[in-house]
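Here we start with a single chain on its own, the form predicted on its own, put down as structure tokens.
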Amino acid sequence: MKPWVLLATAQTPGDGAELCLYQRDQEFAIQADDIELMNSRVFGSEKALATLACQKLTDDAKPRVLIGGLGMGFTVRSALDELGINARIRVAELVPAVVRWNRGVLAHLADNPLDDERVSVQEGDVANMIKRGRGAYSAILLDVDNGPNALTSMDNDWLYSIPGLETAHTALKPHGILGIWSSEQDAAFAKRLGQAGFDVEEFQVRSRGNKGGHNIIWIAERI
């Protein structure tokens, strides 16, 4: 088996964790301080995050979707595939290098989603965009870390707290959807979603088609 080749590195703002982009043949991976965050062969649950959320938006003629965390573009691609021509998708990505990689060496993985005219990218913290939005979004999709137990940035803890969830509730339209990806179950977090005013569904999805381990997706509707 061929070895991994380091293509690029970057630091996350704030805590300065090192992100490393690797390639092996046609496979790509991004690691944070030697922990693999994502791999181009394992993206089923990232796509499911957008699919499950956007399928709830059939009554919205002009859906506005905020995606926190660009990853390798699979969530954005899945949202584009589910939504019509009047949709608008805003992507918040904290690490500028990840945006560059998705416009360059990673672009083909999800069929160049950032080239779609329905998509705009803002480099910065998705939390700030949520705080500024009052009834602005049909859906907010969060894949900014490994889930409620933040891995890449401890600043992400706020997103999963009661104040953060209540702020997301305010940023959504009535019956808007908050979708959250996690590497594992978290009963306490699911309870917090309910306390913040959401009707919650929890899904176990495969990380790689019908194979691989299970990840968790919460689809929470504003009530």
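We number the residues from 1 along the sequence you see. Just so it is clear, the model here is predicted, and its values are computed rather than measured.
FYI, the form predicted in complex with a small molecule isn't displayed, but the following is about it.
Enquirer: Is there a heavy atom of Glu82 no more than 4.5 Å from a heavy atom of the small molecule in the model of the complex?
Expert: No - in the model of the complex, heavy atoms of Glu82 and the small molecule never come within 4.5 Å of each other.
Enquirer: In the model of the complex, does Gly69 have a heavy atom within 4.5 Å of the small molecule?
Expert: Taking the distances in the model of the complex, the answer for Gly69 is yes, it comes within 4.5 Å of the small molecule.
Enquirer: Just checking whether Val126 would be counted as a contact of the small molecule in the model of the complex - the rule being heavy atoms within 4.5 angstroms.
Expert: Heavy-atom contact with the small molecule at 4.5 Å: present for Val126.
Enquirer: At the 4.5 Å heavy atom threshold, is Ile89 in contact with the small molecule in the model of the complex?
Expert: Output for Ile89 is no: heavy atoms all beyond 4.5 Å of the small molecule.
Enquirer: Heavy atom within 4.5 Å of the small molecule in the model of the complex: which of Leu57, Ala196, Leu37, Ala190?
Expert: By the 4.5 Å criterion, the partner-contacting residue is Leu37.
Enquirer: Each of Leu19, Gly73 and Val144 within 4.5 Å of the small molecule in the model of the complex, by any heavy atom, yes or no?
Expert: Per the other structure, all of Leu19, Gly73 and Val144 touch the small molecule.
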